[in-house]
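Listed next as structure tokens is one chain, alone, in the form predicted on its own.
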């Protein structure tokens, strides 16, 4: 794939392009969509391989059931819709028809988090990680930039088992060089620091890098970890940096209940108990906004808020 670092495509666009490349390489790959192929970018696959593309209409539960059936006869289904529909409307089918029998289905869900802006609370999936994380047998992937999206979509196509991939709506800046290698279940260290560890995922990782730079200018040295796989959590790296810095902050475009912060807290509470600050959406629904930045400001998960929370956390702990 050709990347344009100065003008990045959104992760969902990278997904659509990578899907077409994988379709050329593996004839068993099929794609299903719930009447949102323009938004999820699976329309690219439809244009190239119409005989392997299935528009299931606004019937997400049925789409997941059909994907399960296709997997039982050796196909590798990629099923796409918005995150809110994949994690709630089709939940029973995802749980019982895919995760329970451990079928080889890839659910790539787009438009996650409050980032989608004007679509409002009904379409803002801020609980999907918590929901999917509670289901056995399924991996959760949350790429942070175009490179990690491309490489991890390729990785899950080779993995035999159910996967849920969480993608946002808008472009994210490049974090990684084009030769970076990624592994399912492994996090990435973006910056090394000694006073504090910031663990983030998806569209918030770049904001955490920016926050880390501001903190550094104030004399606070911070590590930034990109938790590309939320389940299984990279427990080794979490434990290592919990011991090194003794202070952990998690940041996510998701509810503070049951998401990345919940996963990190659950692990450390039983292995190396330390104080943790979880930054995300409080126990509330999303709301409409003119653009993502307005909503990041409204819910206090922007770069400046991360800096402020880090300073207070270190001051009182």
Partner chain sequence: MKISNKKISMLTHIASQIRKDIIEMIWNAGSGHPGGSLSIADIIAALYFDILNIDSTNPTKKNRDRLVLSKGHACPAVYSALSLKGFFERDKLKTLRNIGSILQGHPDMNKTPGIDMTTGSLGQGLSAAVGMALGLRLENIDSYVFCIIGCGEMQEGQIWEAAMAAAHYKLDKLIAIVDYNRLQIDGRMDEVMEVEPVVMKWLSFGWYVIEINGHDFNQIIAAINFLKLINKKPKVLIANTIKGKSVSFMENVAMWHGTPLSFDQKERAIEEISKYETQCKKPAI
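Since this is a predicted model, take the numbers as computed values, not measurements. Numbering follows the first chain given and starts at 1.
The form predicted together with the partner chain exists for this protein as well; it is not shown, and the discussion that follows is about that form.
Residue 100 is the only one of 159, 174, 170, 100 with a heavy atom lying within 4.5 Å of the partner chain in the predicted complex.
This chain lacks the partner; the member of 276, 36, 281, 70 within 4.5 angstroms of the partner chain in the predicted complex by a non-hydrogen atom is 70. Annotated contacts: 188, 194 and 220 are all free of the partner chain in the predicted complex [non-hydrogen atom within 4.5 angstroms]. Interface residue remark: residue 47 is not counted as part of the site for the partner chain in the predicted complex, having no heavy atom within 4.5 Å. For residue 266, no non-hydrogen atom is located within 4.5 Å of the partner chain in the predicted complex, even though that partner is not displayed.
The partner chain in the predicted complex is not approached by residue 288, whose heavy atoms all lie more than 4.5 angstroms from it.
Interface residue remark: residue 257 is not counted as part of the site for the partner chain in the predicted complex, having no heavy atom within 4.5 Å.
With the partner chain left out of view, the stretch that reaches within 4.5 Å of it through heavy atoms in the predicted complex is, among 62-70, 36-44, 247-255, 266-274, 62-70.
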